[in-house]
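Okay, here we've got a single chain as structure tokens, the form predicted on its own, with questions on binding and movement later.
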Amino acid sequence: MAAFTIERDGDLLTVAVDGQLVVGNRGEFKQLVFDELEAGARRVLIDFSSTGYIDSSGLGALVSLGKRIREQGGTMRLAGLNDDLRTLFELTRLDTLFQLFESRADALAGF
């Protein structure tokens, strides 16, 4: 399971995922981000630096979040994917749906 750490700075929301993003916690993850969107977040950075595994339900949660954020005129960026996760995103073609960055700092640059 994972712990989620959120930081808010104006309309910028950063969510650090510590652990795995899987079927058991994807609902909590989605609700956390949806609540912040309702409160005015428009730039969303998901930091996976401390994440080792994302299952298909976790990927689905990211897709639905991305859709909701775009509908509200926002942007979502993903950072810190390890080699396995980056390969997963490439194999599922999700690298074409999301902006992927090496690090949180890279993702925040020009955000």
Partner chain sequence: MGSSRLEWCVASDVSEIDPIVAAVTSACVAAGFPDKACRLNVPVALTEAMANAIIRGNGGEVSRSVRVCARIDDETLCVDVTDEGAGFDADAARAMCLDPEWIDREDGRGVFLMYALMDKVETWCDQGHTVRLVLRRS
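Computed from a prediction, not measured in an experiment: that's the story for all the values here. Positions refer to the first chain, counted from 1.
From this point on, the text means the form predicted in complex with the partner chain, which you will not see here.
Proximity of 28, 31 and 37 to the partner chain in the model of the complex is absent: no residue of the three has a non-hydrogen atom within 4.5 angstroms. Looking at residue 19, you'd find every heavy atom of it more than 4.5 angstroms from the partner chain in the model of the complex. The partner chain in the model of the complex comes within 4.5 Å of no heavy atom belonging to residue 12.
Using a 4.5 angstroms limit between non-hydrogen atoms, residue 92 touches the partner chain in the model of the complex.
Proximity of residue 54 to the partner chain in the model of the complex: non-hydrogen atoms within 4.5 Å are present.
Residues of 53 to 67 placing a heavy atom within 4.5 Å of the partner chain in the model of the complex, in sequence order: 53, 54, 55, 56, 59, 60, 61, 63, 64, 67.
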